[in-house]
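Okay, so here's just one chain, in structure tokens, the form predicted on its own.
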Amino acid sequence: MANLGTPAVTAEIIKKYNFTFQKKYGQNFLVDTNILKNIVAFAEITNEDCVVEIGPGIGTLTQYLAERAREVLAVEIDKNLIPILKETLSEYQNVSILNEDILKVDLLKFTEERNKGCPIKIVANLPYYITTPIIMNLFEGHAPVSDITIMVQKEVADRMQVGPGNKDYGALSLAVQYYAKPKIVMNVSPHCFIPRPNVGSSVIRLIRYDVPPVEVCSEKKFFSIIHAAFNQRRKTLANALSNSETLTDSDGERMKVSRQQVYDALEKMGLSMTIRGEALNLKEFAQLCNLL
């Protein structure tokens, strides 16, 4: 099988199968061999690794992963790509193809069956529209994942690694940084894709913590407070939390917090009564959660 990571070969396969890009899946195929090699290198894939690739498309990145990994599970939601993948990956005995939505895949069961319960690696060129749900599903679902190396919209990658005081800082930043150490390893031009997206992309690596860097009484409550704070980010933290209709406790039950309770917590933390949620860092949100 010819190297898929070139515009000519990709165009040939698209024509052969009369493949139509589906906007609902946000499909953009990577056609730059140097970037493909770099993604695999940054992911630090070895012949002992079991890798799950999300959205393999026509198998471009999958080929490179299969050359390095012990086993690759390629999870593709678009049934029209399955016949193409079966052809392009036919020579790789260590690749399995699964036509499924990654949000519905039981990764715990997969790791128990195929990797003796040991953590797997995730590598993907993620559709922009569903990046956040996939990332949060992997983390909040406590999937046995050691690290995630993904291509995402540059703006989203920036959001994952910034801290307080930045306009991109928000609930996603805190959630990612609670579970993993993020690092942007490469920026990618729209010219490297077929079809070309309207925005730039970045490859970001998320190395999962064995233990989160902060201790909270309840993850559910912690993230509920964060989401409430950023849902009304222009309001003071006291107003945002006391007016929230979505706050929940550790059991997922509706929780009501008064403005005075927030004031009392902020005073104990040595913070201003008029501070906004966007000014608190991860450690401060953890303190707030534990005090409320």
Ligand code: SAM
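Numbering starts at 1 and follows the sequence shown. This structure is a prediction, so every number in the text was calculated from the model and none was measured.
Below: the form predicted together with the ligand, not depicted.
- Of the candidate stretches 169-177, 156-164, 207-215, 122-130, only 122-130 has residues whose heavy atoms lie within 4.5 Å of the ligand in the predicted bound form.
- Among heavy atoms of V203, none comes within 4.5 Å of the ligand in the predicted bound form.
- At least one heavy atom of I77 is located within 4.5 Å of the ligand in the predicted bound form.
- The closest non-hydrogen atom of Y25 lies within 4.5 Å of the ligand in the predicted bound form.
- Interface membership of F223, defined by any non-hydrogen atom within 4.5 Å of the ligand in the predicted bound form, is ruled out.
- Comment: the ligand is not present in this chain, but in the predicted bound form one of V145, I102, V188, L89 has a heavy atom within 4.5 Å of it, namely I102.
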